[in-house]
Ligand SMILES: NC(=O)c1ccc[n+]([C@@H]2O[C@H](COP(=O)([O-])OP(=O)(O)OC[C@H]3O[C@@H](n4cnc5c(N)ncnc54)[C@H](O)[C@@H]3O)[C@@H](O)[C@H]2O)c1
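Just the one chain here, the form predicted alone, laid out as structure tokens.
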Amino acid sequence: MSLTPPISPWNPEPLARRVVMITGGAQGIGRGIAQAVLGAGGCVAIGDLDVDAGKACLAEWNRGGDAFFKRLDVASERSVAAFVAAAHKHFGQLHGLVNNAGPPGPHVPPLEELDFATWNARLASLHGAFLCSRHALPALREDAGAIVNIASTRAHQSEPRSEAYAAAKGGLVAFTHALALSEGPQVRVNVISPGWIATDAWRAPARRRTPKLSKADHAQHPVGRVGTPEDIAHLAVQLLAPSLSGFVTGQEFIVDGGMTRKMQYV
């Protein structure tokens, strides 16, 4: 037997026949990930509060049974349980979960003006990741499942009046490595922390527009441009595919064009 390591071919469809659930999957980064999963040979179950956006995805993709949509409120355990059950019934199996859904804006009133109910609601991305993972894990454990959480570079740096958003995203990073240890080796768990991602062209059709970005906006990034949903989606596909990332779990990946490595002097 030869001890020479062989040259292994790359699978052009690393998610072939694998089913991935994506929360907040009808717009923005979520939709970018859903389209990348389809392009990688997989099937997608997208959940989103915006029913019009979800229906638009199915109509524009025209993928038949490869794509499924159901309204989803990740802050409601009943809604989460119904979404996971419906996705499992539709496809018969589940291999991946992307916890992407959450409130869109980072800013809140001053802390002394912020009531507990509003604070709690602003943690929806963290609560949703817990609920969706809780209900999806039994199926994910059956076949080398993977969870990808979507956090933010705001887990590491902040603006004023963004305490709740930063807490939620920082919590997602910690939740990721804890869950990876609890669920390994059956399920791998990783987190992507995006920086500035322009999602204007990835909204529902009625709200879709070309991003208005200046040269200064792009120049802030060492790579020379603002990010796009595809930048996050390509990494998500890799992390979901056991053939590409089978030795990767419990890790955070910052995808921000280098901004968090750039010194900022005023």
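This one's a predicted model, so the numbers in the text were calculated from it and none came from an experiment. From 1 onward, residues are counted along the sequence shown.
In what follows, reference is made to the form predicted in complex with this ligand, a form of this protein that is not presented.
Visitor: May I ask you to state whether Lys169 is within 4.5 Å of this ligand in the model of the complex, using heavy atom distances?
Guide: Heavy-atom contact with this ligand at 4.5 Å: present for Lys169.
Visitor: With a 4.5 Å heavy atom cut-off, would you call Ala151 a contact of this ligand in the model of the complex?
Guide: Ala151: contacts this ligand in the model of the complex.
Visitor: Hey, in the model of the complex, is Gly42 touching this ligand, heavy atoms inside 4.5 Å?
Guide: The answer is no: Gly42 has no heavy atom within 4.5 Å of this ligand.
Visitor: Is there a heavy atom of Glu163 no more than 4.5 Å from a heavy atom of this ligand in the model of the complex?
Guide: Although this ligand is absent here, Glu163 would stay clear of it in the model of the complex, with no heavy atoms inside 4.5 Å.
Visitor: Can you tell me which of 67-75, 111-119, 181-189, 85-93 lies within 4.5 Å of this ligand in the model of the complex, counting heavy atoms only?
Guide: This holds for exactly one stretch, 67-75.
Visitor: Answer with one of Gln35, Gln238, Thr199, Gln220: the residue that has a non-hydrogen atom within 4.5 Å of this ligand in the model of the complex.
Guide: Looking at the other structure, the residue within range turns out to be Thr199.
Visitor: Across 201-226, which residues bring a heavy atom to within 4.5 Å of this ligand in the model of the complex?
Guide: If the 4.5 Å heavy-atom criterion is applied to this ligand in the model of the complex, 201-226 yields only Arg203.
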